[in-house]
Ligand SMILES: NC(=O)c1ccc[n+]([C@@H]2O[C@H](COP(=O)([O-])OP(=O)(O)OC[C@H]3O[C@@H](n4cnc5c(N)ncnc54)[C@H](OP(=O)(O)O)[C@@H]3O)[C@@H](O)[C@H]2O)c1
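Let's start with one chain on its own, the form predicted alone, as structure tokens.
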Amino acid sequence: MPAPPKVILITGASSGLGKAIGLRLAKAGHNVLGTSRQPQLGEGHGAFPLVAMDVTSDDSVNAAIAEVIQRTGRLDVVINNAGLGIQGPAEDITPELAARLLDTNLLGAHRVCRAALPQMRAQGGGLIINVTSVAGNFGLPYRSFYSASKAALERYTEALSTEVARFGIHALTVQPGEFNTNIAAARLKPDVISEANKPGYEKAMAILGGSMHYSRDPDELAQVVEKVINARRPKATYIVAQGVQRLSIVLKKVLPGRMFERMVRKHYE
């Protein structure tokens, strides 16, 4: 039986996966609010309102959460979807560029959780869904800090889940594979790719750019999120990937480490 309508906040909901999740949940009758750094530039879907939020700013996050609670009186579900991609040889990623990514992908989710948890505690329960990635299961070449940020968010959520369970709050992760969104166009990149790393980097990016996984409909992920919200006892992690991506997660667990690395290198050669 579907869960009763809930107040749901989705970060990074003006486009891509966040928008797809919001559209499906709004259609199901939930009170959905999305966030965007520039809500006035949203894609005009009109199915749910957008609230201004910059997840890299404490003040912005706190103000947005306060606005949602003021509008609705509660906050049942938070979906931390806002995030950045990054590409480039690890050697060429400056600490400043890496910090920018981590500030969004890891600390951004943390800021939202910190702001939402007091309300969830006061109302006796809630659900936090942190959108990570299958990339958090292994280090993808030339996307080292993306893998690192998603792996960190996985471990953060695992710890948070134990801490908040006694308040009736569930925290979990959803790991999407590649979907048809604009994340590739918006990836952070170093200003300069070193000559030594350029051949391997360019070949890997050509392979990645031609990936068939990018054709998958974001609504596939939205359907899974809807099931999670309806679940009485949600799992700790939901993997939303097919083919070689899902298989790679299994192989990472069962193969010797160096053998798995050789398999990854062969894929990008």
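Model, not experiment: these values are computed from the prediction. Residue positions are given as counts along the sequence shown, with the first one as 1.
Omitted here: the form predicted in complex with the named molecule. The next part is about that form.
J.: Among 189 to 197, 115 to 123, 158 to 166, 75 to 83, which stretch has residues whose heavy atoms lie within 4.5 Å of the named molecule in the predicted bound form?
T.: Careful reading of the contacts points to 75 to 83.
J.: Just checking whether residue 181 would be counted as a contact of the named molecule in the predicted bound form - the rule being heavy atoms within 4.5 angstroms.
T.: Contact check for residue 181: yes, within 4.5 Å of the named molecule in the predicted bound form.
J.: Is residue 104 one of the residues lying within 4.5 Å of the named molecule in the predicted bound form, judged by heavy atom distances?
T.: So residue 104 counts as contacting the named molecule.
J.: My question is simply whether residue 54 lines the interface with the named molecule in the predicted bound form - judged by any non-hydrogen atom within 4.5 Å.
T.: Judged by the heavy-atom cut-off of 4.5 Å, residue 54 is in contact with the named molecule in the predicted bound form.
J.: Test of understanding: in the predicted bound form, would residue 137 fall inside 4.5 Å of the named molecule by heavy atoms?
T.: Residue 137 lies outside the contact set for the named molecule.
J.: Along 143 to 179, which positions have a non-hydrogen atom within 4.5 Å of the named molecule in the predicted bound form?
T.: Residues within 4.5 Å: 146, 150, 176, 177, 178, 179.
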